[in-house]
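The chain below stands alone and is given in structure tokens; this is the form predicted on its own.
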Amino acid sequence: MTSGSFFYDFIQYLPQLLEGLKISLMITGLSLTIGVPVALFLAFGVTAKRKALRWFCVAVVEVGRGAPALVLLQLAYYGMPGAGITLPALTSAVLALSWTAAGYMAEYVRGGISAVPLGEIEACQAVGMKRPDTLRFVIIPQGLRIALPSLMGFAVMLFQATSLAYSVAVPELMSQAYSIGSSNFRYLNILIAAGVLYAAISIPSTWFSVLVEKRMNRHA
């Protein structure tokens, strides 16, 4: 590979790679949109007094964290038809990554909620604030604020995990790279180009999450 051939391929196939990048970002956004509310529910569910609810939430979290995202993706796309449910490839990718996101982020959120000072909760009780209002205005906002750096870091990892969707023919960035490589057989150039685009999103996002964490620690 020469630098000239790489830049030629990069410029020539950049529009197609960018189309794949858009889909990767869309999968990430949709997975987070679904995963964050579910993670919030699971974070409270794993400490619920009702045993059935608690064990259900624990099972969802442990499978989401313990099973590889690729296994969940393959299960959603290839396994569901066995139960009479057929899902499009994009939907399967979003659901599988949402489950993974919910499993991991539930633990981050639970940790953030546990870090809310007990004195503030007791102060809410002392002034007669109801439990739902305490959750809404005190516990959840502060817990999410504490967990925010970890959630942002995981969002970057989730974006990188969208590359697994190529295994079910979702036309995301990695799938586009393989498609181009199979047509011109210059896999090295194209995969490096795809890596550059992944890095162009991941590295600044990681720096931003670190900056947010430092700012929050400064004002803690």
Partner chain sequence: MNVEILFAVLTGLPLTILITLTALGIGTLLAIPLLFGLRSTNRTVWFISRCFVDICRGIPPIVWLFVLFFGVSVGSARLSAFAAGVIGLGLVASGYLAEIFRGAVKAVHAGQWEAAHALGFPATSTWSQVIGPQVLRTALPGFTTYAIALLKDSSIVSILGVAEMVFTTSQLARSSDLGIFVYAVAAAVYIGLSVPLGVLSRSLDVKLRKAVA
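Worth saying up front: this structure is predicted, and the values here are computed from it rather than measured. Positions refer to the first chain, counted from 1.
Omitted here: the form predicted together with the partner chain. The next part is about that form.
- Each of Y104, S163 and M174 comes within 4.5 Å of the partner chain in the predicted bound form, counting any heavy atom.
- Though the partner chain is absent from this view, in the predicted bound form it lies within 4.5 Å of a heavy atom of just one residue from I203, L25, L211, L14, which is I203.
- Contact annotation for P68: at least one heavy atom lies within 4.5 Å of the partner chain in the predicted bound form.
- Put simply, A199 is close to the partner chain in the predicted bound form: some heavy atom of it is within 4.5 Å.
- Mapping the unseen interface onto this chain, A115 falls outside it, with no heavy atom inside 4.5 Å of the partner chain in the predicted bound form.
- In the predicted bound form, the partner chain sits beyond 4.5 Å of every heavy atom of F41.
- Along 70 to 88, a non-hydrogen atom within 4.5 Å of the partner chain in the predicted bound form is carried by L70, V71, Q74, L75, Y78, G79, M80, G82, A83, in order along the sequence.
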